[in-house]
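We begin with a single chain expressed as structure tokens, specifically the form predicted alone.
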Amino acid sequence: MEGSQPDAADDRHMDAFLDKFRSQPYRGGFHEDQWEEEFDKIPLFMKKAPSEVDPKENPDLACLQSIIFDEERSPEEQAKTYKDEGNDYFKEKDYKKAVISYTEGLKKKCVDPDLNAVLYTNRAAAQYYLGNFRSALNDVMAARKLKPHHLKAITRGALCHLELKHFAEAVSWCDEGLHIDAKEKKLLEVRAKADKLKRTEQRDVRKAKLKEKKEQNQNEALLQAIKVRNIRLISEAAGEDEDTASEGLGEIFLDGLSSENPYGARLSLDDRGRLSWPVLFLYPEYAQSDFISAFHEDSRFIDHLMVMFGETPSWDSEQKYCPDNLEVYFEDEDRTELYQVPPKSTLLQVLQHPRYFVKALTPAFLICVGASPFCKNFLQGRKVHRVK
């Protein structure tokens, strides 16, 4: 066969084209100072795809996206594409976008149970790293309904239970997984940790129950001691029987002494069966006060006054608050009448007085007033009784 000879006209056209190319530089080339940015706009060489694809700015990428997510493809193909996309986001640690991709894959409702199980399990992993442990647990449970022996789903479920402090459930899930693969390292690690925490939790529960029982016994002993002494407890609740010493009122009273008191003081019972009370002394003339966290019921008022006023307090500019020059009073529950207490009286003698009361959620309040002209002003217009 005879070969064709070069046409002289064609050579002339090629020479003309080359001359034109030399005289007119290529317009589509990259600029030297920003070639990397322009190179990254080409889909094949992109290091990271944009979160939103604008067809005007990235027509090539938009075209590829339309091909990949073509609605005419089967649900299985679309679900797998979203799974792969989610996996890419997961590798980049963009877990929020990974969750969105896996969710879109599940929305395709493909009939492949294995693929759906993977989508659920992978979404659970992304939710786990976002700290959404309950959502992750729901996903692994959905995955196990489709594939009961899916080891990754079991492992991630055990991790979720561990984070949610469901230690017994975490151990149970680990045991199920170890029946499938007895050497699975992650399950062995999670089981050991969950079992240790479970035992610690059980120990703490036992200790809390013992403490609660001990406190209950102490409270019952306190209430019984109060009842034996005929000390009146009253409630601030409307319609409550003020002379009630019921168990409910007693619990409010005891809880109040421990929780409401700013010093954390609490009514206590010693080994000899004697009570110590929190007592507040008020000095209205100077708006001052003293607090005794444990005033033994057999102690006398004068004994405490001798200690508190052994030295003149800084606020007593007139030096009139001396132990021998003080009067002690308490108010009745209506705050209308005063009862003067002999300083040599014991606290128990006052507590047992028919008109004295202990209000729930407060300590035993006493008013201490200096024997001065202020006393007359303070007592003016108020009925005063002397306690013998």
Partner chain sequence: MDQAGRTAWPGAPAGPEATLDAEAAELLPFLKQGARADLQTAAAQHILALTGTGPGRAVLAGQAGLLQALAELAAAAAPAPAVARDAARALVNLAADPSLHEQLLAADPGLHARLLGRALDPQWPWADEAAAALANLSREPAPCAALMETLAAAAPGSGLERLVCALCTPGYNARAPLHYLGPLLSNLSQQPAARAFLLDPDRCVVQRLLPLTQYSDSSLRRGGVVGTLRNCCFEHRHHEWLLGPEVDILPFLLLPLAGSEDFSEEEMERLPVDLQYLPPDKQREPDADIRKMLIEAIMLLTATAPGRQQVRDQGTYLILRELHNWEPEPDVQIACEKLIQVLIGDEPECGMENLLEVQVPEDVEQQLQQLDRQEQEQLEQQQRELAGGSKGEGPAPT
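What you see is a predicted model, and the numbers here were worked out from it, not measured in a lab. Positions refer to the first chain, counted from 1.
Not pictured, yet referred to below: the form predicted together with the partner chain.
**Student:** Pick from 196, 134, 91, 96: which residue has any heavy atom within 4.5 angstroms of the partner chain in the predicted bound form?
**Tutor:** In short, 196.
**Student:** So which of 145, 109, 185, 229 reaches within 4.5 angstroms of the partner chain in the predicted bound form, heavy atom to heavy atom?
**Tutor:** For this set of options, the contacting one is 185.
**Student:** Mark residue 178 yes when one of its heavy atoms lies within 4.5 Å of a heavy atom of the partner chain in the predicted bound form, and no otherwise.
**Tutor:** Looking in the predicted bound form, residue contacts with the partner chain include residue 178, since a heavy atom lies within 4.5 Å.
**Student:** Is there a heavy atom of residue 203 no more than 4.5 Å from a heavy atom of the partner chain in the predicted bound form?
**Tutor:** Heavy-atom contact with the partner chain at 4.5 Å: present for residue 203.
**Student:** Would residue 274 count as touching the partner chain in the predicted bound form under a 4.5 Å heavy atom rule?
**Tutor:** Flag for residue 274 set to no.
**Student:** Even though the partner isn't displayed, in the predicted bound form is residue 287 close enough to the partner chain, meaning a heavy atom within 4.5 Å?
**Tutor:** Answer no; every heavy atom of residue 287 is more than 4.5 Å from the partner chain in the predicted bound form.
**Student:** Which single stretch, out of 206-214, 109-117, 303-311, 135-143, brings residue heavy atoms within 4.5 Å of the partner chain in the predicted bound form?
**Tutor:** One stretch meets the cut-off, namely 206-214.
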